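Here you get one chain, nothing else, as structure tokens; it is the form predicted on its own.
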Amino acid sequence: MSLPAEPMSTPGAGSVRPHVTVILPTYNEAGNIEDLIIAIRHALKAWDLELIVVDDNSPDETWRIAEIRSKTTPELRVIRRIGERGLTSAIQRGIRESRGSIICWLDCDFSQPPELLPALVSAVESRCDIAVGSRYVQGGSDSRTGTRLRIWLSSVITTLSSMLLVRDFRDHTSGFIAARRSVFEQISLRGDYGEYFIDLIFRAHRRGFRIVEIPYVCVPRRSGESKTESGMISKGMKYLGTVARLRWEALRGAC
């Protein structure tokens, strides 16, 4: 699969090809986006960097804040999607637009620390194809509060994914990743919300890509409202459906 470029809504990085691209899929993150851009630039100051904000026309005008910032941040590009929504398609759009040899993304609410990005990138440079920020390996944890239902669903999904899909992998719903560009030349993201990550890790594992998990502590979002809590039951069912589908495909030798 090739990764064709598409027109940018805001021109950014110059002629030097970046080594690392960080994709920031946003929707109503006006209270976080500028500080997050600053934090990522600081964390990855040792690398040639490209930042791509993919915003789904946020009512709080996250895209506008990012566009203003891009005027003084040459490595930043902003894509404002109108009439299109969805986490998975936003990340996939960022991948298509990216130029880096290592591609990263993370949640844009500071629940996943940008300070971990250097460790993820360094791991990809030295010992693996995919490095994942993990809450469920030694040294990692999830300190967010939430309903008992959310905690229970997360536990069930993680346990089933480890049992039925990739036994030596723990955080199947992480969404905090750095990976070689070659991974996405073979694998396109599938899904609607966070279930894409279960699918990605499973197919990458089946293709022999080397995957490591690096611990981090997931903390409550800094500002704004969580997108996970809304529609939790339907999202949880999509996660469980993805696990079942991938297991069936594996048994049939179809993936």
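Everything numeric here is computed off the predicted structure, so don't read it as measured data. Heads up: residue numbers just count along the shown sequence, starting at 1.
Omitted from view is the form predicted in complex with a small molecule, to which the following refers.
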| task | Could you tell me which one of Asp109, Glu75, Glu97, Asp171 places a heavy atom within 4.5 Å of the small molecule in the model of the complex? | result | Asp109
| Between the options Glu50, Asp56, Asp199, Glu213, which residue brings a heavy atom to within 4.5 Å of the small molecule in the model of the complex? | Asp56
| said: Can you tell me which of 81 to 89, 158 to 166, 120 to 128, 181 to 189 lies within 4.5 Å of the small molecule in the model of the complex, counting heavy atoms only? | reply: 81 to 89
| said: Given that the small molecule is not shown alongside this chain, does Arg144 nevertheless sit within 4.5 Å of it in the model of the complex, heavy atom to heavy atom? | reply: yes
| task | Answer with yes or no whether Trp63 is in contact with the small molecule in the model of the complex, where contact means some heavy atom within 4.5 Å. | result | no
| the small molecule contact in the model of the complex: Ser70, any heavy atom under 4.5 Å | no
| said: With a cut-off of 4.5 Å between heavy atoms, is Arg221 one of the residues that contacts the small molecule in the model of the complex? | reply: yes
